[in-house]
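The chain below stands alone, shown as C-alpha cells; this is the form predicted on its own.
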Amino acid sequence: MNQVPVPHDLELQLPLPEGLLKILLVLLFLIHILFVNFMVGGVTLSFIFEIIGLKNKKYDALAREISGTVTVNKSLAIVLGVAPLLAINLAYTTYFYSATSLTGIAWMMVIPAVTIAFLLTYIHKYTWDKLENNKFLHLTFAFMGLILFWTIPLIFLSNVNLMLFPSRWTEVHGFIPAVLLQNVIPRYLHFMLATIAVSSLFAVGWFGRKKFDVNKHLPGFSREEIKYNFYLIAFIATLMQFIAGPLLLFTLPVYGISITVYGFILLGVLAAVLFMFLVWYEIRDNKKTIGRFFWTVILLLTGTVISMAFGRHYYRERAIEPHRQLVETKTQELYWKSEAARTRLRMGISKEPAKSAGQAGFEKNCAVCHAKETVLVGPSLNEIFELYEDYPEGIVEWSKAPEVKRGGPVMPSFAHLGDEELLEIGKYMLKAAAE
C-alpha cells in the first residue's frame, strides 16, 4: 500500500449525508441494472431465437416480440443510469476517476459504443419485414449489436472492479490489464448469467400476462409453453450461477471480506435456493397452472439481488478503507505543512541542508511544524527537549500515536516511517535543541 499514489482529499461538502448517499447508490443502481439486464438479455435471447427461427418460424416471431421490448428497456436503462452515476461520482470520487483514467480509451469508448449498439437495435427491429428474405444481413445487424452489448458490461465491470483495489493501480495501464485482474472474468460471467435469468423471468411475466394475445403475436405457441420455456432458461442460468458465484467469491482479495459480507451472501444464497426450488416446481407442475407462483419467484429473486448488492457494498467499503485512511493522513499532513509554510514565510525562516539521516528525516517530515525556538504549528524543539531529554524513545512513541494537547488538528501519525527512522529523527531533535 505504501507504493500506491495517495492523493490528499478536498474538503468539499456533499449534497447529502454520506451514508444516505451510499444507500441511494445501491438502490438506484439496482433499479438501473434491472433494465440493463432486460436489455442485454433481451438482445441475447432475440438473437438466439431468430437463429432457431430459420428452421421453425414460430421462434422467429418470438425473437421479433423480444426485440420489440429491447428498445423500450434500453431507454429506461439509460434514464435510470444517470442517478447512480452521479451518486458514485460523489461517494467514491477518488476511486471512480482513478479507475476511469487507468482504463483509458476503453472507458471513453463506452458512449460511442452504446450509441452504435442502440442504432443497431433499431435497425434490427424495424427491418424485420424488409429483410425477411435476407436473414443473413438481418442477423448480422443483430450480431453486431450483441457483441457491443456484451462488451460494454465488461468495460464497466473492469472499471468498477479496479476502483476497489488501489494497491493494483500501479500495475494497470489500460483496459486489458484491468480485465486480467483475477476476479474480473468471474464477475463478468456472474453478471451475464444474471441477464439471461432476469430477462427470461421478464419474458414469463410479459408474454404470460392475460392481456397479451398469444394467438395473434406468437402463433404456434401456447401461453403455458411460453412460460415453461422461459422458466426453464431462467432455471438453467441460475443453476450455473451456483458455479459462477463461488468462483467470484473465491477470487476476491480477502482483505475486503468480513462477517457482514458473508452474512449478506448467505441470505442471498438461501433466497436463491428457495427461488430454484419454486421455479423447478413450476416447471414440473401441470402446465395449465404454471405461473401461479410467479410473484413469489420474483420476490425471492429480489431478496437475492438486494442481499448480494449490500454484500458487495460492504465489501467495497472494507476494500478501500486502508487507502481512505492513507488519504486522510495525507490530507492532515498537507494541512499542517500548509499552515507551517505560511508561518515560515511570514517569519522569514529558511531550511538548512540536511547533515545526517536524522536531520534529513526531520527536514522531510517534521520541519514544517517544528522549529528550534519558535512555535510554528507544533511545539518548538526546546520544549520537546524539556519533555524528552535523553529519552528519544519517548519521541518515537508519541510520533506513532499522537494525541490532542493544544487544540486544533491532531498531529498525524508517523508510524509508517518505522521505529528506526523515528529514533534517528528523535535523536537529531534533542541534539539540535541542546546546541
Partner chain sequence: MDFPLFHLDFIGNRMLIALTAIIHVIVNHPMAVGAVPLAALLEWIARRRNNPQLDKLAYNFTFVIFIITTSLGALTGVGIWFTTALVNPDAIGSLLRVFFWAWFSEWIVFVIEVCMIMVYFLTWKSMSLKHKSRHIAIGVFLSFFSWLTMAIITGILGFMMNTGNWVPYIREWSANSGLFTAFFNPLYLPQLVFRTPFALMTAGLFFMFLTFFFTKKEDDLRHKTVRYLSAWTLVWLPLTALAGYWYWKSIPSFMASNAPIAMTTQDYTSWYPTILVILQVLVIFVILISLLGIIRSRWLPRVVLLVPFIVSIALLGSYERVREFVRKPFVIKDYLYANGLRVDHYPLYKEGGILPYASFVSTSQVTESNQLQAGQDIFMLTCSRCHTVGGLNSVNKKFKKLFPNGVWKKEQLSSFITNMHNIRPFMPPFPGNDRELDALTAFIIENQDRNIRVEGAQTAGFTKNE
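Each form is matched to the other, and the largest set of C-alpha atoms that superpose within 1.5 Å is called the rigid core. Predicted model, so just to flag it, every value in this text is computed and none were measured. Numbering follows the first chain given and starts at 1.
The same protein also exists as the form predicted together with the partner chain; that form is not shown, yet it is the one meant from here on.
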Query raised in the report: Which of these residues, 342, 209, 130, 284, gets a heavy atom within 4.5 Å of the partner chain in the model of the complex?
Result: 342
Query raised in the report: Among 141, 293, 280, 118, which has any heavy atom within 4.5 Å of the partner chain in the model of the complex?
Result: 118
Query - Interface stretch in the model of the complex with the partner chain - options 198 to 206, 303 to 311, 267 to 275, 67 to 75, non-hydrogen atom within 4.5 Å - result: 67 to 75
Requested in this report: Look up in the model of the complex whether residue 220 has a non-hydrogen atom within 4.5 angstroms of the partner chain, and give yes or no.
Outcome: no
Query raised in the report: Using heavy atoms and a 4.5 Å limit, would one call residue 363 a contact residue for the partner chain in the model of the complex?
Result: yes
Requested in this report: Consider residue 150 of the chain shown here, and say whether it contacts the partner chain in the model of the complex, taking contact as heavy atoms within 4.5 Å.
Outcome: no
Query raised in the report: Any chance residue 396 has a heavy atom within 4.5 Å of the partner chain in the model of the complex?
Result: no
Query raised in the report: Within 154 to 179, which residues have a heavy atom closer than or equal to 4.5 Å from the partner chain in the model of the complex?
Result: 156, 169, 170, 172, 173, 174
Query raised in the report: Taking the rigid core as reference, does the Cα of residue 21 move 2 Å or more between the shown form and the other one?
Result: no
Query raised in the report: Does residue 362 move its CA by 2 angstroms or more between the shown form and the other one when the core is aligned?
Result: yes
